[in-house]
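Each of two forms of one protein chain follows alone as structure tokens, named structure 1 and structure 2.
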Structure 1
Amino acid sequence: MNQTERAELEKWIEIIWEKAHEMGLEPFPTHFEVVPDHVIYELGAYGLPARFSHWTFGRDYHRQKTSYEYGMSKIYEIVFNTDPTQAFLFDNNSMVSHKLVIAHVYGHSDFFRRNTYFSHTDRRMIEQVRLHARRIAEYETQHGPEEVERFLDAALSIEEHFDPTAVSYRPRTPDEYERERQSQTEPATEYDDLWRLGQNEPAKPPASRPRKLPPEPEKDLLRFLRDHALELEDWQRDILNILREEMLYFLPQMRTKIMNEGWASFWHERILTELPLTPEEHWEFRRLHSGVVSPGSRMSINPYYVGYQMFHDIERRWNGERDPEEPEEDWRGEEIVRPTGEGLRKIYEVAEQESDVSFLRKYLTKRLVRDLDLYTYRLEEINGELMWVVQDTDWRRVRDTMVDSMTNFGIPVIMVEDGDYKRRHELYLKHYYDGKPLDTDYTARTMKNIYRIWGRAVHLETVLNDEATLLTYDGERFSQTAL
């Protein structure tokens, strides 16, 4: 990039910043970095700059970059949730693309700052992961890269099993749990007897229970392994901790994908519409924009498109617009009439308070499902061949399936039930079955990895073919018993 282009870009960053503020966005201070394609694709694969090394990142980098080189996909920008926001622009973008991307970046930065799920994230995460990477590299020198890679392979395969609500609390010890359980019988307020109206006997203290590890079922498998696996070395516990901290950081982005992209797309359009563009530039901007907010690939949705249309729809409805054909009704069947001019206020409120699950649950309407042409589909056998077949277009079914597929971030809920099963320090996990069976092949391979970390037999209770089943891996063999 030469000096004239640089000055031009700088000028527009400033203009767009001011425009964004005029419209009510409040992005963090932002650092823009113009980088070549291999850097953009590297950042895309690693999720953060200077993150630790692993072959899966190398694989993703190779795949994304190849796909770009074949003209199949392109990343225009990468933006990180930090303060100041770090944004990376692709040096091959045209000046109009740069403008659109800058506006888009401010949309994301505003969302990172505004949305409540991001409020606990570490905004200095780039420095954190750099330190993580340095420690892991040190472990590689100490214990050999193969050894570290083997452990990372095992740990990464369960990285999503942690408890995102446990951002800052310390888990209670078995003693504390027991004390708390017992103390429930002591009145906390003078009105406590109201709970026992009509019962004559005084409340009995609950019988004491044999101590258990964990005292209550524990969702944070990563933390549980870190704290209670018997044979781990310190560096291995540290790696489990590193993965958990990085996952905690990434989680809000995973759970607001549709909203975040929708929000950024909504605002880049609005900002660019108000910029002094020439007719040619305006045409290019429209072409780029419609590429971003276009339907998905039939097998998946485009989160930019869905989120963008939903924010538009919310703004429209809260601006008082009504559909005479399909009036909105409340639970009594009466038409909802809203005051006019509340649209902007409403979308700011939504961006602050919701995550994808609640966003879809509350604001995905019949009309949107139809206009966005959303549907459910599944595998079906037709004439001996397996085909993907559309099942349903009913808006409630679509909405519920979509919400269901995102609940617990789309992965099965696994809880640690017992860390001393059979009094042999074996690990007993339980899949909280919700009607969707597990993929047994993947589960078996993952259990092998958990075994590597735990060091003793691993059991997983689940439901297979409608029967409660216990899967066991004892280090040598898998077995399956009906419960």
Structure 2
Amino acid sequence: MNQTERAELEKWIEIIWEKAHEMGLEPFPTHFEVVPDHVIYELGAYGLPARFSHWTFGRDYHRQKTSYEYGMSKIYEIVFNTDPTQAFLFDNNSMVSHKLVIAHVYGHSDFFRRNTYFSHTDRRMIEQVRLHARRIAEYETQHGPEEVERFLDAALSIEEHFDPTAVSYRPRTPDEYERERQSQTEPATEYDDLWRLGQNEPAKPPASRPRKLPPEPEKDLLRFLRDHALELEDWQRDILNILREEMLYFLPQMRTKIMNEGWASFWHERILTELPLTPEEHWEFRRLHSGVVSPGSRMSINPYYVGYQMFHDIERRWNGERDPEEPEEDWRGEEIVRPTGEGLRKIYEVAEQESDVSFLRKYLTKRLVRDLDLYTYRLEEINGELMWVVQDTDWRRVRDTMVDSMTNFGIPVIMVEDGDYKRRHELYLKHYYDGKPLDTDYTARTMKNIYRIWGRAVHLETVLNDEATLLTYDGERFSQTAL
């Protein structure tokens, strides 16, 4: 990019910033950098700039690069939830592409600032991950890169098994739990002395129960291993804590993928429609926009497309537009009549309060399921061949299936039931079965990694072939026992 193009880009950054504020957006101050394609791939693979090194990030880098080079995907920008927002533009994009992406980035930045699920995030996380990377590099110097990489391999295999409520919830220690249980008494009343008439000695305290670790089932596997694995060294506990902190940063983005991309796409269209574009620029903008919000493949959902269409539909309905052929009905079967002119206020309210789960549950309507051609599908054998076929088009079941797929971000719910199983400090985990069985090969590899961290036998209760089953890895072999 030459000086003339850079000056033109800086001018449009200011124009689009002003237009975004005119329309009611409140993005963080935003810093843009124009970078070559390999930097975009690297940032996309690592998730954050200056993050620690690991071979899985290199794998993801080459996947993205190959996908782009073969025309299977296109990356226009990378934006990070920071204050100020940091965004990176692809240097090969046209000026119209830059304008669309800048408006899209401001939509993301406004969503980061507006949505309640982002309110607890560390807006200086980039500086934090630099410190994380520096500490991990020091551990490699002290303990050897291979030893640190082996531990990172194990830890990264369970990085998604943390407690999404951990921001506001602190679990009680066994001692705290026991003190609280023993201190529970009935509230005092003015008649308490009557109930005690005839009692010659004070009531005996309840018998002490054996303490259990954890006292209640614990969802945060990363935190539990960090705090209770007996044989971990300090540097290993620190790595578990680093991964957990970084996953907590990514949590709101995991919760709001459809909303976040839909919101940014909704506003980049509205902003560019108001810009003084030439007919040729407007045609290019519409071509680019239709590519961003296209339905995608038949076997997957494009979050840009679904989120964009849902925000438009909410605005339409709350502006008072009704469908005479399919009027909205409440739970009594009566038509819902809304006041007109409330569309913009409503989409701002939705963007502030909802996550993808509640967004789909509340606002994915019968009309949208039909217009977006959404359905569920299954693998079926037809004439000796396995084929994907449409299973259901009922809008409620389609909506509920989409919501169910997002429960716990599509990750199996694994709870720590006992950290001192058989009184030998073995680890007993339980899979809260929801009808979707675990991949046994993947589960075996993951249990081996957990053993590497815990240092004792690992047991996992699950359901296989409709039967309760206990999987065990004792450091040498796997076993499977019916329960």
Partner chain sequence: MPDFSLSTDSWDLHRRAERDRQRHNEKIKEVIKQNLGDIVSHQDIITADRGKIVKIPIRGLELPRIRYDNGSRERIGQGQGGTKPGDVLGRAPGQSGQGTGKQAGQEPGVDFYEAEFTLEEVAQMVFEDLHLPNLEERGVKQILSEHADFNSISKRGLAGNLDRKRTLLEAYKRNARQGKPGWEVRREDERYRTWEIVAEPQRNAVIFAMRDVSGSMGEFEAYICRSFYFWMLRFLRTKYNSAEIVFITCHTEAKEVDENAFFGLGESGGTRMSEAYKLALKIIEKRYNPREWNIYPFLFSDGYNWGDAECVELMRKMAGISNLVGYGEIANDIWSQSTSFAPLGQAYQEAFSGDPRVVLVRINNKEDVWPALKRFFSKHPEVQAIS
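For numbering, take structure 1's sequence and count from 1. Rigid core: the largest C-alpha set superposing within 1.5 Å between the two forms. Here the structure is a predicted model, which is why all the values come from computation and not from measurement.
Asks: Can you tell me whether structure 1 or structure 2 is the form predicted alone?
Replies: Note: form predicted alone is structure 2; the other is not.
Asks: Core-aligned, does P276 move its Cα 2 Å or more between structures 1 and 2?
Replies: No, shifts by less than 2 Å.
Asks: After fitting the rigid core, is the C-alpha of D234 off by 2 Å or more between structures 1 and 2?
Replies: Not so; D234 is displaced by less than 2 Å.
Asks: In Å, how large is the CA movement of E385 between structures 1 and 2 relative to the superposed rigid core?
Replies: That residue's C-alpha is offset by 2.6 Å.
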